[in-house]
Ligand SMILES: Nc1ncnc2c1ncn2[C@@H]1O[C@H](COP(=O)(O)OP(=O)(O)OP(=O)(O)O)[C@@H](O)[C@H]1O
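Single chain ahead, by itself, as structure tokens, in the form predicted alone.
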């Protein structure tokens, strides 16, 4: 597969200031060195508990937050090149080489992501204006076309965001995101603020647009059934690190990390057997200010050994499958340990 984006040892640390002079005394290690390759045209899901680094990853990719260190390498379509490290590019440089608008983001809550004082026609037209010269007539036609693509009409042009339902507002946010003909769209919990029936409509819309425009999605969510439905690959994160990555079907069929097992066991079910066999993790997630040495998960893992407390495991193939990788010293034993300890989950 053709890669479109590559993260290399990406870190994002937020400084903590203290003292009279407000100097940095520590930092929140939201992302602490992740490596990830994203292929053109795929939908890669990122899951994990709150605070694991999901949203920070997305915001670092589109440069809403500047990476502390590491590289984000973008590979332009149909261009033979070693890639462009966008972490080192200024906004003006990105505009000069034609990268502006190639990556967009749809946020969790459309109520706060859409300017309440702007008409819908101006909200969608704004990114088009920033890209360069476009006549008023072309702009008007483009905005109407974008509204039609997301299931709205020209009758909605002269309304404000508060006049729409939550699902309609998210459709408007999607229309704004695809206005610049992007190649990559980061979707940060795009359905979590919506009713279940509306969630299904938005997911189907996103699938349709992805196929129609060959978009690459980075889908951030805590809803495992949603990510199972829309994603081709899933990344599991814990405390700023990737602990497991695999194709969606393989991950749900054969998870290899204790944390992944725990996440999956929490999926809602009406089966009493599933409920009784749920894995309940003890303790709290450690502070990202001072993460534990060794495996980040060892403080809550029921199978932790001494090596887990000392050495950070690498992402290694599961059963020689390079498409399924896990960061666990006991990955080969984990399924049997889960079975013996918690039953058939």
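None of the values given here were measured: they were computed from a predicted structure. Positions refer to the first chain, counted from 1.
Separately, the form predicted together with the ligand exists; it is not shown, and the next lines address it.
Put simply, of 50, 319, 290, 282 only one has a heavy atom within 4.5 Å of the ligand in the predicted bound form, and it is 50.
With a 4.5 Å cutoff on heavy atoms, residue 109 does not count as touching the ligand in the predicted bound form; it lies far away. Not displayed here, the ligand is approached by residue 30 to within 4.5 Å at the level of heavy atoms in the predicted bound form.
Among heavy atoms of residue 68, none comes within 4.5 Å of the ligand in the predicted bound form. Interface residues of 1 to 16, taken as those with a heavy atom within 4.5 Å of the ligand in the predicted bound form (partner not displayed), are limited to 14.
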